[in-house]
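Let's start with one chain on its own, the form predicted alone, as structure tokens.
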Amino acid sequence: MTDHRGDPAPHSTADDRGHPPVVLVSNRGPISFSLDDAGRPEPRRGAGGLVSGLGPLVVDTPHAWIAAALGEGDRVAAADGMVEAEGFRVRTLAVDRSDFAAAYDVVCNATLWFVHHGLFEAARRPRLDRRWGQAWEAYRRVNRVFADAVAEDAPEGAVVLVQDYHLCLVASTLADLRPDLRCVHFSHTPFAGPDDFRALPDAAADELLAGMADHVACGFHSRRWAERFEASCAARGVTPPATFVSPLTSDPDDLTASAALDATAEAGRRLDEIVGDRRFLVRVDRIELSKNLLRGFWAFDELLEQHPEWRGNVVFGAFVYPSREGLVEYLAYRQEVETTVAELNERWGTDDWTPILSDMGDDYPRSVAALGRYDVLLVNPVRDGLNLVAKEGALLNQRDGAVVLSTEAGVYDELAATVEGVNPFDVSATAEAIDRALRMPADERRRRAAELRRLALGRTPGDWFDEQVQAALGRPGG
């Protein structure tokens, strides 16, 4: 056959797992490029949960990965088309800068993220004006650039795995350009139900859902998100594709290697010096509106107020780092987080005890060390597609730590029987859940920690990858 340019389509090649050729499509790729002194692009391994989960599965395979050029080095590398770097076959796309900014900042980060996580304060946001309409047109054009690249590079009969809300319209274009391809869309966020979807313009909401429906199947981390997608389709007269549920998990070997780093050991020693023999309450998060940091601090405040025996006997380690600071809501949220931490330390602190140990830098070894030594882990998002921290904590922790987990996290579906579940909006209930976790008898802690670890090891990133491929081939699973 031929592709849409009339050139022969790339040859179809299976990998050693028996998969057909696979093309991964995502906003952020597995490789980022910096420029050397001569202006040549130099590759380095990218960051993020998607890369760490999928990277080991596709490195040194014939599979390809198409992603946006996010930095200047990426844009220079884009001129070379598909390249091999760090074991990946990757192509970065130099999307028009203004189109990418409008699609990414206005539509994806400032609108779709808020819609899916239920974050809008309806009195003021969203503002769906002419500028927003222009941004939606840019979102449509960015998706078309990705679709054109997939059409050019995908081998005959390939499976195309499209990742997340940045790229909901890719399959609509590919259906015309390359009908031989089988596209699956996977949502890493929650999905908005019909009521939340009303925050979008009707035409954009219809187009987004229809775009997702053009995939062979749509995958989600939780059954509840799949059901909300189906309900939103039904409310707008869109026939949904097949849906499947496939929770991602962490790579235990990668976590073990991180825990063994010298930097992690040194961070652990510093934490031992600071915490001493006190109990250690920990959270590891981005400073992100959906992560619900403020209610976590307010719950700690109420814990100390209602249970004075914990004053001086527990340290709250908040290892949080900035996110999306190009949006005014996020800058304001970070400032409120910093102010709240300072106020609580002033209210409760003593000469020899700082209640909240706050680190707002992206210090990965320190976060790994903290997960290794917590007595209680707090994971209380307003809403989350999955949240891997709860699983990572289970795999890293050495103290039979207990977990307080929001019922609105997708991962709660898997871990409900082993955690202290909590309504993320209920500050008092969160404070009491932390108290129960701190007081939990040793034998119960051991039992729950062992079960958490068993559940965290029950799936692999390979299962998640395989289930997407099987969904593309129309085979049940997930």
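This one's a predicted model, so the numbers in the text were calculated from it and none came from an experiment. One-based numbering along the sequence shown.
Keep in mind that the form predicted in complex with ligand G6P is missing from the display, and what follows is about it.
Note on contacts: among Arg28, Arg436, Arg45, Arg447, the single residue with a heavy atom within 4.5 Å of ligand G6P in the predicted complex is Arg28. Interface residue among Arg334, Arg366, His166, Arg178 relative to ligand G6P in the predicted complex, by the heavy atom within 4.5 Å criterion: His166.
In the predicted complex, ligand G6P sits within 4.5 Å of a heavy atom belonging to Trp113. Although the partner is absent here, Asn109 sits close enough that one of its heavy atoms falls within 4.5 Å of ligand G6P in the predicted complex. At least one heavy atom of Tyr104 is located within 4.5 Å of ligand G6P in the predicted complex. The shortest heavy atom separation between Arg373 and ligand G6P in the predicted complex exceeds 4.5 Å. This chain is displayed without ligand G6P, yet in the predicted complex the stretch 157-165 from 354-362, 198-206, 157-165, 300-308 comes within 4.5 Å of it by heavy atoms.
For the partner-free chain shown, just Arg286 of 274-295 comes within 4.5 angstroms of ligand G6P in the predicted complex, judged by any non-hydrogen atom.
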